[in-house]
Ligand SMILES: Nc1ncnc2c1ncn2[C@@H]1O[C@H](COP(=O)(O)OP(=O)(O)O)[C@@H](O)[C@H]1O
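Only one chain comes next, encoded as structure tokens, the form predicted alone.
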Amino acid sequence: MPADDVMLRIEGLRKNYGAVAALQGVDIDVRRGEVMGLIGPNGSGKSTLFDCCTGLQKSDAGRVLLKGVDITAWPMNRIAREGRFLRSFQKTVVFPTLDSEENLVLAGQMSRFPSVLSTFWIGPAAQRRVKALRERARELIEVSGLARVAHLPAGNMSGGQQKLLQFASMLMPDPELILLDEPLAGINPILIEKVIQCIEHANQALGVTFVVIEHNTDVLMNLSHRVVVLHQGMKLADDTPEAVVRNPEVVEAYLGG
């Protein structure tokens, strides 16, 4: 695969927790502009892979390259700031006393202007910056379907609405790559459809590349261009959704055949 087509390259990634081998030499290429699904049984290494790629955990061996740059030893804040590379966690985090627009403006400030001085500086430049952030926030509120509840403090929104707000927050700094950890967990079917629409919009209209961990395999197979299956810390399959669901090893290990 040409180097320009690879957004994220994972080479020989290993991670042990004592005697437990969470990752055993995993190799994955994430292609620019795709939605890649990542599935596997509990304990197969999915979240550990995200942790090691984003600097939350230090891998024991292997490399992670973002657009050809080795980021293996980078701390999480540097990856997010310099690489436009973000991840979500299973626990939804919003600022509960702020409404949607204020949540998004704050997310934009923290991502683009992370120093205390730049965040709270006043003057014409700061006013222009905040105006631009508010305009983008309003656009994302419309895209995410939160206009009806945008006036509410985020803490008064449903869990699904908070997930949509968190997703919109991740789009504020114009990321190139987002790792989503179970974005559909604990939300109702109507909002599941809205989350899917938001991911597809960000991918198709904004060019964001995604890697998605999701236990709702039916939804993930329809959403993903390609699916990687982990099992016991190793890559078991890497193929189209159609090929993965027919793979006998995958069926035996994960899909319950």
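For every residue, the number given is its place in the sequence shown, counted from 1. Since we're looking at a predicted model, the values are computed, not measured.
The form predicted together with the named molecule exists for this protein as well; it is not shown, and the discussion that follows is about that form.
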The named molecule contact in the predicted bound form: N42, any heavy atom under 4.5 Å: yes
For A22, is any heavy atom within 4.5 Å of the named molecule in the predicted bound form, or not? yes
So in the predicted bound form, does S47 come within 4.5 Å of the named molecule, heavy atom to heavy atom? yes
Q57, heavy atom within 4.5 angstroms of the named molecule in the predicted bound form: yes
Segment that reaches the named molecule in the predicted bound form - one of 184-192, 62-70, 204-212, 47-55, heavy atoms within 4.5 Å: 47-55
